[in-house]
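The chain that follows stands alone, in the form predicted alone, written as structure tokens.
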């Protein structure tokens, strides 16, 4: 819309016509207070705090409902307005408990801030305090009715933002009260409860302490914590979360998770796992000392030095006697990019094997190959918030990628985006869809073929082929279509769908995976046949300095098959639980030396000869890449005595194996005058890494345990990862374009994609050790009226 010019407090401002005055002022640095207004939600005009004086208008007007207009003259802080706001505060405080010293919102309360600002310490309105006991609506949502100021943010957040409608208004006028959707007279315990997704967005939106979190309430005060913004570890969306951390006797404990600054790719949103399920890090079952299995079969705690000596010596012996190809390496989806890259480099250059894999939750190899040579065809998570049209094929973002689902709902609600959904199940997002196609079970391959032009495949995908034909024509008519693809599509079927999408002008793609760094694990080359950047092991000039085997190694299943045949001398598992995930027979590993880096005694760790206690994603630094290819920084928040990062452990084991540390991690290199070797057998050969560092003005790293030392090499070698370092270190996300041209098409790869099948209330190993997630699951199961279960 055209811009208009108006005046606020004597300042000339310009904004698009139709912009709300409160937003236009905020953009110009003029803060207008409001309790009921929340950007992106419907307008309420209930609190009257945002009143302003408009020239030639007889009464004060609410800035949250007034659009800017040409020539408008506005005053926001006159004595008249101050008095009006003060009177509003006096009304709100008339029956509000003055319990700020014990209220969870104390120090972060908007009502408290406004009271300090406008000085409403004394009130003309006096009445007996209307006390009510606080209510436990669920394990994570508590309601303190007297604190509620009836702004209705929570009601709109739950209904409009989450499409759940678990909260409503009971009674009228001064008797109005926020009420949950499961009334007390219908529950076994005769208490009111919420039947919802337990996201806690109502708590985030509450401007006072009426709604509080079960994980944080009465634990500490906001000013007693350090607030660390990092990336959530639970799903492939990679939402930004702010962890509140306080010191303890054995490190630092995470006591709160929220979306404090709302500056991440998830905007306002944070789901229940990002908000509450940090508590796995504080679990008493954490392994905090290296364990070595003794001859009697029991684990014995040993020192770190003893453990590293034993592991390094044993792996070196097995490599030298039985060959590197007799050793397997399995990485995890929650490692940082730096750790994943280092692990594959360790396997290929120190152990001498391509027997390396990870739990694949989406086919990123086929995705990269299908988009090789294309530019601006991969979508960021931010695109889901602005795309004019979205085609969602497979997947269930509500359960598997809640941030994606939030963005889609917001885009449909605020921008009238057109959503098209194709799924074999009645997923929740169909309620926002302009068109929904219910596929036959296992009909995704037929759908891809039909969209790509094979009309005969239509009958295998749906029962009504004519409706599917209309659907295809409608989608093809869209421009700048965003195509989100679930893990159901792999290999040739995935490529057919992308081929169809490439025929649509401006279409972009994203492949949804399950874990925090599933995309990064694939990008970094935790694959038996692909080096970092999806470069085939058999034809790599870029990675010639690795001097690694040119033949593809064993994949995940082949590694365990080899173990069963007695051909696998050692298995090194870093941050993964393949025994449980792939139902591996424990007997298969009886003749294999197994080393596991893990937080808990998982099914895989229980079979190990050595367990090395590992830090989790909240306890280390580095970077991760979400499903969309958005690179984000990970910052260390918590700390636990007795654990170490996977990066450090890999480096120390390599050192004990006799590896050249400066080749494995390019640290501590000084600048040379000629940037090359001037003497000896390598005379005349340039130090390519030193040249690259110098060309990019990067400081040499001084420690082999510094993950950013290996980030230099990732930037230099991995296509798409030559990012702006300053942006990354500033906490800003960067979208990658990893699909390089010239990738070799490999047609006989096995389909080893195994979705995690996590839900809103599960998160693999982490979820098993999260007390709050377990409480929520138990609550959902024990309330007979609860309808929103894991897969609704």
Partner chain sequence: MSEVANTIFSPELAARFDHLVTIYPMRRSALVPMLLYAQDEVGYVSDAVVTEIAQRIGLLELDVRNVLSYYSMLRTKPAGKYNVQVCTNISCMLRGGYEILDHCKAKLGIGHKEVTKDGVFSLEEVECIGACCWAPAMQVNYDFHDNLTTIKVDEIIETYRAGQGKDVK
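What you see is a predicted model; the values in this text were computed from it and never measured. Positions refer to the first chain, counted from 1.
Separately, the form predicted in complex with the partner chain exists; it is not shown, and the next lines address it.
Put simply, of 167, 162, 243, 617 only one has a heavy atom within 4.5 Å of the partner chain in the predicted complex, and it is 167. Of the residues 503, 303, 171, 376, just one reaches the partner chain in the predicted complex with a heavy atom at 4.5 Å or closer; this is 171. Using a 4.5 angstroms limit between non-hydrogen atoms, residue 180 touches the partner chain in the predicted complex. Residue contact check for residue 186: one or more of its heavy atoms lie within 4.5 Å of the partner chain in the predicted complex. Remark: of stretches 171-179, 103-111, 578-586, 255-263, the one touching the partner chain in the predicted complex is 171-179 (heavy atom within 4.5 Å).
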